[in-house]
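Okay, here we've got a single chain as structure tokens, the form predicted on its own, with questions on binding and movement later.
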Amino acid sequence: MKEIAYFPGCTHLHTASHFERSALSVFEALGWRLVEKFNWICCGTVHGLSTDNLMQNVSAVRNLARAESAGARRIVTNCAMCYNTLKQANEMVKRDEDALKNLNEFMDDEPDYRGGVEVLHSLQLLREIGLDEIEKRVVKPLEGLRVAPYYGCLLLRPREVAIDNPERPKIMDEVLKAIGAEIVRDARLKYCCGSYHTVDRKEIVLSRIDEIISAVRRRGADLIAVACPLCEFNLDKRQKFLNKGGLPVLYFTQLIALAFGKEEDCLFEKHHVDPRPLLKERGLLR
């Protein structure tokens, strides 16, 4: 069993526990153990856009320093927001020696970070493991299930930290095709879901998710696959305000776990739009 340092992120401990459980199950089936090798803290949630605001990078760099001190050379995370925040901070300190020096001096109770950690999203690790290996472990192909892979913002922007081509991403498509799903594509699957406007400008989020869901419905999608807990919250749980009938929204890891015969690790009951009737109708759930 191979091991890699794992950064869960805050939501995986409560609202996105179904994301974590399905991911751990999938990687274990593929021969990889995701291990919390260092005492992690919140990533900081959003990378600061101000060029002179080093303080907003403290949490991310503190995590990187702890990972490096623990001997980790690569860390993987499932959450798109954690990935983006950690990756952008990492790239910033690698190209800006003064910023790294100032952050290390500020974090005087931490080991100095020397820039020796690589940040990965779990989709990248799946691509590294290989589509052939994923296909080998499928016991319940998702044949006939039309899935719209929702990338959103943070896996693809900015370009320097994108896990795939920002204009024509296919990494999630390929993983889902490997488990038998039929892919539904639409330009709106790269749109922002509304993000934190869900707190104080809910109307913005409702307008955006209505546009996204309506578009993939017109293309015949049975459900949407996501890689971000905030996207899942907006696209799934905010549907209750649309009054248009629900379209299931699942984490991509839940779909893989289902195809691997690990339905007990999917925790489908945690979703607002219950996917179980659809999956039972298609013969994918008992």
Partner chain sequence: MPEELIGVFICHCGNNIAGEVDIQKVKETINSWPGVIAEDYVFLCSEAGQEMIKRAIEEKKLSKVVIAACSPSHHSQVFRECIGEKLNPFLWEFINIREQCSWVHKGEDATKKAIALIRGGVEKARLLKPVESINVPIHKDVLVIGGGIAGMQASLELASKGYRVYLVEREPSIGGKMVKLDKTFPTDDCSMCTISPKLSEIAQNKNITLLTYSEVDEIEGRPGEYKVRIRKKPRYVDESLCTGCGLCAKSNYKKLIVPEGYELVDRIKIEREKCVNCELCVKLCNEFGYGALQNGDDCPKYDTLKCVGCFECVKKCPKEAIEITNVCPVRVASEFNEGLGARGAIYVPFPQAVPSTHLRDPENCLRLNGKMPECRGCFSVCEANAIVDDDEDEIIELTVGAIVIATGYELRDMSESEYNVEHPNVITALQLERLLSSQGPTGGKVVRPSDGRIPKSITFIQCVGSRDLRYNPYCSKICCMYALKQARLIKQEHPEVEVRICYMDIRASGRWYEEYYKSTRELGIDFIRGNVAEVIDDGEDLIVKVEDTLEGEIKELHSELVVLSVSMNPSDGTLEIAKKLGLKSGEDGFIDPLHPKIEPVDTLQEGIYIAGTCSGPKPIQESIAEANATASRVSTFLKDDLMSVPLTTGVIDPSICILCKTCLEICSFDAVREENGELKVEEISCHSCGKCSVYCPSNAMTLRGLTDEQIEAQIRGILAEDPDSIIAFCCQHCSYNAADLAGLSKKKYSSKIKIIRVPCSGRVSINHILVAFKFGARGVMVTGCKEGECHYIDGNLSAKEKILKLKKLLDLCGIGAHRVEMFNMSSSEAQKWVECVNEFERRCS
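Numbering follows the first chain given and starts at 1. In this text the structure is predicted, and so the values were computed from the model without any measurement.
In what follows, reference is made to the form predicted together with its partner chain, a form of this protein that is not presented.
Under a 4.5 angstroms non-hydrogen atom cutoff, its partner chain in the predicted bound form has R219 among its neighbouring residues.
Residue contact check for K101: none of its heavy atoms lie within 4.5 Å of its partner chain in the predicted bound form. In the predicted bound form, S214 stays away from its partner chain, with no heavy atom inside 4.5 Å. Heavy atoms of R168 reach within 4.5 Å of its partner chain in the predicted bound form, making it an interface residue. Remark: of stretches 117 to 125, 141 to 149, 101 to 109, 180 to 188, the one touching its partner chain in the predicted bound form is 180 to 188 (heavy atom within 4.5 Å).
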